[in-house]
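One chain comes next, on its own, written as structure tokens: the form predicted alone.
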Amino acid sequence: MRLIVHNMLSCNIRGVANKFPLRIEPKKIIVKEVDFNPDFLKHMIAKIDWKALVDGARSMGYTELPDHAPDTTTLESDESFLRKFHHSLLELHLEEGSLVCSETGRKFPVNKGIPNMLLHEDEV
């Protein structure tokens, strides 16, 4: 599971108010190379919750992202930043582990890179 996917997932248990972000508990992380596309990254950054991305990357051992989202000047002129953003968003994969709801503590397993977000009958 890439961090771009993690950035779109939330806990949908009935009654949960704090649905996002899910905390990552990694067991196995792999890196898969993806072609670098700066235009894609420049368009995606507005759709990404920056704090969730940074926290997710750090929980997977990647600490190269700044605490705050960059300004448009940085996006246009700093290829080094874009490569770090690219690596964290698209190349880091949570292969095995869990996504944890911060409110309930419910763990959603991730196996072979696929998050299982199915709810139990009493959670619907």
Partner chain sequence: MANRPELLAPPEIFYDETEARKYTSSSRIVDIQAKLSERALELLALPEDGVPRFLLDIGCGSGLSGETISENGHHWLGLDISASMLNVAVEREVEGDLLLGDMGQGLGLRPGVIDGAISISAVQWLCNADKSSHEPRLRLKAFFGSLYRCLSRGARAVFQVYPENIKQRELILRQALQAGFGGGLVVDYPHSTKKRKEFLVLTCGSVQTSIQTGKNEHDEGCSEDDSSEDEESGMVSMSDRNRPKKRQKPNKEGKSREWMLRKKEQSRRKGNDVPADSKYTGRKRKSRF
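Positions refer to the first chain, counted from 1. A quick note: this is a predicted structure, and the numbers were derived from the prediction, not measured.
The form predicted in complex with its partner chain is left out here; the points below concern that form.
Contact with its partner chain in the model of the complex, judged as any non-hydrogen atom within 4.5 angstroms, is confined among 39-47, 74-82, 61-69, 23-31 to 39-47. With a 4.5 Å cutoff on heavy atoms, L90 counts as touching its partner chain in the model of the complex. Its partner chain is not shown here, and in the model of the complex it never comes within 4.5 Å of any heavy atom of T104.
Looking at V16, you'd find every heavy atom of it more than 4.5 angstroms from its partner chain in the model of the complex. Not displayed here, its partner chain is kept clear of V100 by more than 4.5 Å at the level of heavy atoms in the model of the complex.
Residues K112, G113, I114, P115, N116, M117, L118, L119, E121, V124 of 97-124 are found to place at least one heavy atom within 4.5 Å of its partner chain in the model of the complex.
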